[in-house]
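Read the single chain below, which is given as structure tokens and is the form predicted on its own.
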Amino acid sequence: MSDTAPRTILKLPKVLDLNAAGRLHEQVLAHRGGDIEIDASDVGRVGAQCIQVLLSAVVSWRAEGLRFSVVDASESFVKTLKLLGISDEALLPKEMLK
């Protein structure tokens, strides 16, 4: 991971439903090759498809030795991760998923 490379911040919209999954995928791919922070502070509703896009991105970024992190996750975002059984540190630090 590079500490000196510029980091992109991608702010997620309030609604990340099935219709938003394709757009989210495009947005994430547009930043491939550099560190990225996902700002999930405004997320009020997120579906499994968008979580799947983010989890896939985490794997890709890590394979390339880049940083991919979710910051300022809303309560709804964290609650959805818990409901889906995502309790590791793939998207959020463990302390946020407790």
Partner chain sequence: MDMNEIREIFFQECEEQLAELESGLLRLRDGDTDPETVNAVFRAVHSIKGGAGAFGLDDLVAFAHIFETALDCVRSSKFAASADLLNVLLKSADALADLTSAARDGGSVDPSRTSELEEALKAFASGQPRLVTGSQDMVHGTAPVTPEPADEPEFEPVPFSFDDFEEAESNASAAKPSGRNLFTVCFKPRSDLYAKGNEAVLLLRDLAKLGDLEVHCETDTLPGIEQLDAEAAYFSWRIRVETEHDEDAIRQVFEFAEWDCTLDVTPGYTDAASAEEIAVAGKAGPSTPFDLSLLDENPADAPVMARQDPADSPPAVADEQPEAIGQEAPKAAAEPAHLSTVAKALAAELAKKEMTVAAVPAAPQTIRVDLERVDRLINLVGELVINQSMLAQSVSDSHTGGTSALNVGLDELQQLTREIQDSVMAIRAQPVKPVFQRMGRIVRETADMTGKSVRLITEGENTEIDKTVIDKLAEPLTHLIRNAIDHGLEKPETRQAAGKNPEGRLSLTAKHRSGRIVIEIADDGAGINRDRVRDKAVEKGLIAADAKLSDEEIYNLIFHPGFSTAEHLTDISGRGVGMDVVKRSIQSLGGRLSINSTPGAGSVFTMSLPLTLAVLDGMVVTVAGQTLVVPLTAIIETLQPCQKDIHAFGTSHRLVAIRDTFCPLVDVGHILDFRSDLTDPVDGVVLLVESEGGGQRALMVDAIQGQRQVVIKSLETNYRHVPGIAAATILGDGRVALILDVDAIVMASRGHSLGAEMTLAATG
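Given the structure is predicted, the values throughout are model-derived calculations rather than measurements. Positions refer to the first chain, counted from 1.
Quick note: we don't show the form predicted together with the partner chain, though the next part is all about it.
- For Leu66, no non-hydrogen atom is located within 4.5 Å of the partner chain in the predicted bound form, even though that partner is not displayed.
- Although the partner is absent here, Gly34 lies well away from the partner chain in the predicted bound form, with no heavy atom inside 4.5 Å.
- Using a 4.5 angstroms limit between non-hydrogen atoms, Asp42 touches the partner chain in the predicted bound form.
- The partner chain is not drawn, but in the predicted bound form it has a heavy atom within 4.5 Å of Lys14.
- For the partner-free chain shown, Arg45, Val46, Gly47, Ala48, Gln49, Ile51, Gln52, Val53, Leu55, Ser56, Ala57, Ser60, Trp61 of 45-69 come within 4.5 angstroms of the partner chain in the predicted bound form, judged by any non-hydrogen atom.
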